[in-house]
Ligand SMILES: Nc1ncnc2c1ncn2[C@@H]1O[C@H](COP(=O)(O)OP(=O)(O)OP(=O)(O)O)[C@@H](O)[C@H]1O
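Below, in structure tokens: the form predicted alone, a single chain.
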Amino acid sequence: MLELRAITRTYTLGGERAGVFEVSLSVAAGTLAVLAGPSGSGKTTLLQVAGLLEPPDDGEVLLEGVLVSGLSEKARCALRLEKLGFVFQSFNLVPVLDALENTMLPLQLQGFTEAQARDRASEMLARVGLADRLAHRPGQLSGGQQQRVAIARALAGSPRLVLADEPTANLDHAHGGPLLELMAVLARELGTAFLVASHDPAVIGRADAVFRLEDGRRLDA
């Protein structure tokens, strides 16, 4: 599903060159893969490249066997909307919208009618266990529930790949464990690939594949 070939993406931090250097990996459809490593190891940088948010300085990004890293910004934006989903550490929900409205957002951007978007969003929220929270705004939900809304939103448009940056960092163990189990189950059931950046041992232990980074390089390559 996702293939990164010798990806290098660098920037200057404190007068030194940082980022990722010649990292290659592949993530199959229907699997949960983890980018593991300490802060500053390059996990977020690699996610940004994989999610077509930043172009690589060198190397190639392929989605479903198609080279996409050389596309124009307009084409990358369209591809992100159609094939990619994103889950963030801080949830990134719109506070004035309820759970259903937050989940409908990407569908409306894709051109779904309001009725279609409402039906699909309701279905995805039910899949993540929030069928009784559709009308709740983020401030009325726990952290774990907010992250479940974020997962429903990421999956609503039927993406082929979901990228998650430290999705359990703001959750306690009681909420983080079930959330990871949910992502693993949804990956299998929907055939979606998940690539998760995390240094949480519980996340790493639940993964189908683990890619370990240190100082911007793969340790297990």
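The numbering used is simple: start at 1 and walk along the sequence shown. Take the two forms, find the largest set of C-alpha atoms that superpose within 1.5 Å, and that set is the rigid core. Bear in mind that the values here come from a model prediction, so they are computed numbers and not experimental data.
The discussion below concerns the form predicted in complex with the named molecule, not included here.
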| property | result |
| --- | --- |
| Contact test, all of Y11, S39 and K43, partner the named molecule in the model of the complex, heavy atom 4.5 Å | yes |
| is_contact(H199, the named molecule) in the model of the complex, heavy atom dist at most 4.5 Å | yes |
| 4.5 angstroms heavy atom contact with the named molecule in the model of the complex for I204 | no |
| The named molecule contact in the model of the complex: A18, any heavy atom under 4.5 Å | yes |
| Contact segment among 154-162, 177-185, 59-67, 44-52, judged by heavy atoms lying within 4.5 Å of the named molecule in the model of the complex | 44-52 |
| Residues in 152-169 close to the named molecule in the model of the complex, defined by a heavy atom within 4.5 Å, in order | E166 |
| Rigid core superposition, A209 Cα moves 2 angstroms or more between the shown form and the other one | no |
